[in-house]
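Starting off, we have a lone chain in the form predicted alone, written out as structure tokens.
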Amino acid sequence: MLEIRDLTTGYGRAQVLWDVTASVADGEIVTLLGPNGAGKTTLVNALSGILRPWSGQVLLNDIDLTATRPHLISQSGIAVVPEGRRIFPDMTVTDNLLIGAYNKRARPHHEGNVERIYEIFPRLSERKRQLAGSMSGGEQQMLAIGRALMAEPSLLLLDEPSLGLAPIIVENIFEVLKQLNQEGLSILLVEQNAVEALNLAGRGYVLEEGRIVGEGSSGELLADERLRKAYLGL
């Protein structure tokens, strides 16, 4: 489904990523691990079109999206849950969700999709008229995921969805991601909570200083002694 080939990019003259190659197959959950400053969010920005790659390719279902504008990438089937959630705090929960359905493919189905999000996250249904900024961090993360799902993606990119959340909320969100994957959604999960991410994903990549320094199945990465000490805190 998603192929990243020798992707190199950065900001201004500062290079952040060097020849990153990775993939996500149809129906797969893949996690991207690494410390702060490794370039994980930069990669998400490049995949979503916010940051233009300097070289390399990004392909979705063999279609080259490398130079595609962000709104067209969304329309092609990629949706992003950004780090820090970035909801619209002065808008209601429902209005935040509707913003996620702006692309041409999803717009005609927005009413049914809102109801589906409320089924996935019942807590959002209870707060549908509430201003998003007045909700807890966990509720805002649910809203950010729901907003991305409103775009009817085939691939969901999540950047640090567990950041700053209580363990019980993280468990709930990861259970939802597992359910969505079982329904056919492919997921690229960027996480510092490495153990939780590897327990959810089938395989993963390790990014360090802008380069892929390790990859393998979740079991292989969990068993790797160097990775356990350096990245998993074990």
Partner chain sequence: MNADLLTQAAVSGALIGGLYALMSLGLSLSWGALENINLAHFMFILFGAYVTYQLTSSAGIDPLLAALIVVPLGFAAGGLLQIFFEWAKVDEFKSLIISFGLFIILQSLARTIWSADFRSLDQSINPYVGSSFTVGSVSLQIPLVIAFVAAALIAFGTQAVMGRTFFGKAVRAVVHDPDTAQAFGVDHRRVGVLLAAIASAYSALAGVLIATFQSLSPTMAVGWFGIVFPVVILGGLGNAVGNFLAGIIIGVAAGVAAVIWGPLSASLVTFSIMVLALLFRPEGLFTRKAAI
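This structure is a prediction, so every number in the text was calculated from the model and none was measured. We call the rigid core the largest set of C-alpha positions that still match within 1.5 Å between the two forms. Numbering follows the first chain given and starts at 1.
The same protein also exists as the form predicted together with the partner chain; that form is not shown, yet it is the one meant from here on.
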For N181, is any heavy atom within 4.5 Å of the partner chain in the predicted complex, or not?
no
Under a 4.5 Å heavy atom criterion, is I50 part of the interface with the partner chain in the predicted complex?
yes
Look up in the predicted complex whether L131 has a non-hydrogen atom within 4.5 angstroms of the partner chain, and give yes or no.
yes
Consider H71 of the chain shown here, and say whether it contacts the partner chain in the predicted complex, taking contact as heavy atoms within 4.5 Å.
yes
Could you list which residues of 6-36 come within 4.5 Å of the partner chain in the predicted complex, counting heavy atoms only?
none
Taking the rigid core as the reference frame, is the Cα of A101 displaced by 2 Å or more between the shown form and the other one?
no
